[in-house]
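A lone chain, given as structure tokens: the form predicted alone.
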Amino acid sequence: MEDIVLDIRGQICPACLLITLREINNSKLQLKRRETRLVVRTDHRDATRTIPGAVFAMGYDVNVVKKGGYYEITLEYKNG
């Protein structure tokens, strides 16, 4: 599986959510076929709540991991 890495460090909400949703829309076929997953890198802590809340409702599994000075939010489309 290939990762799409979306580095939005330096952005604040609601831009973080809007940029992520735009990338999901642009890559939705590959995501739904589980050919890829989306990895979002952000340093805005609020995005660790807004992004998972929105995309979970759209059928994505979400994993948030705190790295050095940023967060990595991994989104994968659920099977079925």
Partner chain sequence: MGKMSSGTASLIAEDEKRDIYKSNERLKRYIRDKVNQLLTVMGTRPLNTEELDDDTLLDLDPIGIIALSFEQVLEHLKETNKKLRIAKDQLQAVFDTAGVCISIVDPELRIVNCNEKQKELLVSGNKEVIGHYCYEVYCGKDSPTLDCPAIETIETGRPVFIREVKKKGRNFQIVTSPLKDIDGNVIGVIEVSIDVTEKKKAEEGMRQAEKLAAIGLLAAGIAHEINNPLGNILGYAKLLMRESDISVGQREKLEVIVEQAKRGNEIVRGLLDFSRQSRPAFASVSMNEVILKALKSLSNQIDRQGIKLVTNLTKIPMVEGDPKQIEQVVVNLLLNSIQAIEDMTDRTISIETGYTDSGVEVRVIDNGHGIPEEILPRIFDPFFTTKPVGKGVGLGLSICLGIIKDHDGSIHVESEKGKGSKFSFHIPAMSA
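Keep in mind that this is a model prediction, so the values were computed, not measured. Residue numbers count along the first chain shown, from 1.
This protein has a second form, the form predicted together with the partner chain, left out of what is shown; the following refers to that one.
- The shortest heavy atom separation between Arg9 and the partner chain in the predicted complex exceeds 4.5 Å.
- In the predicted complex, at least one heavy atom of Tyr60 sits within 4.5 Å of a heavy atom of the partner chain.
- In the predicted complex, the partner chain sits beyond 4.5 Å of every heavy atom of Glu35.
- Arg41 falls outside the set of residues with a heavy atom inside 4.5 Å of the partner chain in the predicted complex.
- Although the partner chain is omitted here, in the predicted complex none of Val5, Gly68 and Tyr70 has a heavy atom within 4.5 Å of it.
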